[in-house]
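The data below hold one chain only, encoded as structure tokens and taken in the form predicted alone.
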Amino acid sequence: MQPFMKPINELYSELEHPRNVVITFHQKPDADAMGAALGLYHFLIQFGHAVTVISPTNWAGFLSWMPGCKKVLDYEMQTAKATAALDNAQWLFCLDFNTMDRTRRMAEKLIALTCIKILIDHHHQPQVEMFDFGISDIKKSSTSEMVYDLIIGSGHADMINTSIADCLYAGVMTDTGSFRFTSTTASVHKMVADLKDHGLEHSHIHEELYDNFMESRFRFFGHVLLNRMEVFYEYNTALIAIPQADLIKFNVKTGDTEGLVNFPLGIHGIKLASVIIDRGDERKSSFRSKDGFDVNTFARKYFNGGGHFNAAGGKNIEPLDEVVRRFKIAIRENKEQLSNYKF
């Protein structure tokens, strides 16, 4: 194993030699993880590669429209089939995660594989010693943008079809917050323009991702915003803490909490928005920020997590009340960065 992974462009000359390829990403994939993986899938199969996409867990129903999604294996539900594909893999692409433990029960299997492992990711502090080739760039808006860069950099822009365009657009659009986050660089807009030139019809993608939920999700959002949100104006912070009973009451499914953490950022003056959810086996946290507060460092220090400067997550095994208590201590310890209030 290499102490430092080799640049991914060293693989470009090998793209035209068909191999058994597996593409995977982090557990509970979002649109960027699934979009990047399927965009890469539709690119590689044009060279004759035998490609299998494996998700560590199930995924939200609003991703199922993506071209090729029906062929994706759920490792937890289709373990034997997924394991067989991994055992036969010559290349393993790991997308949109920085450490193997983000693949949940797949991690041990992935670590043990002896095939060539390739990282494409934009999160902080990648576990580079695990990969033979790859690229890690925290300045990139999304992993989908990085897959697009791979396609262009390899000299195969002519192979971008509507399936690739749809998948990559979904990833970059969601990870940039519909192009409003600071990660939306000029290169992002140029990418979208190029995808449009390759036949992208973007409006239906927005509808599939954002206009495709059950009524119960909206009632769940209303309930937690009314009854579970605390606003700490002295720290420019808002917290939504959700007990497992709420998930059961509103029949919350995978993906139904997507986007909830962004709502408190719409409150005037709020710099840090947080959602902590009791998932039964663990407490999952999501953090979003603006005005210069670094939630990647915040999540790493207090919540066993990480991510990006303005978007991060964490997980704890302690009870919900204890995690909320820890959160309140954490914002007090960061009052100099969070607060405009004169104590």
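Please read all numbers here as calculations on a predicted model, not as lab measurements. Don't overthink the numbering: it's just position in the shown sequence, from 1.
There is another form of the same protein, the form predicted in complex with a small molecule; it is not shown, and what comes next is about it.
Asks: Quick one: in the predicted complex, does every one of K284, H308 and A311 get a heavy atom within 4.5 Å of the small molecule?
Replies: Yes: K284, H308 and A311 each sit within 4.5 Å of the small molecule in the predicted complex.
Asks: Applying a 4.5 Å heavy atom distance criterion, does R288 contact the small molecule in the predicted complex?
Replies: The answer is yes: R288 has a heavy atom within 4.5 Å of the small molecule.
Asks: Applying a 4.5 Å heavy atom distance criterion, does N304 contact the small molecule in the predicted complex?
Replies: Looking in the predicted complex, residue contacts with the small molecule include N304, since a heavy atom lies within 4.5 Å.
Asks: Can you tell me whether K109 touches the small molecule? I mean in the predicted complex, with a 4.5 angstroms heavy atom cut-off.
Replies: No, K109 stays farther than 4.5 Å from the small molecule in the predicted complex.
Asks: Please check if K271 has a heavy atom lying within 4.5 Å of any heavy atom of the small molecule in the predicted complex.
Replies: No, K271 sits far enough from the small molecule in the predicted complex that none of its heavy atoms falls within 4.5 Å.
Asks: Just one of H156, R228, H123, R217 has a heavy atom within 4.5 angstroms of the small molecule in the predicted complex, so which one?
Replies: Of the candidates H156, R228, H123, R217, H123 is the one lying within 4.5 Å of the small molecule in the predicted complex.
Asks: Could you tell me which of 50-58, 65-73, 313-321, 37-45 sits within 4.5 Å of the small molecule in the predicted complex, going by non-hydrogen atoms?
Replies: Heavy-atom contact with the partner occurs in 313-321.
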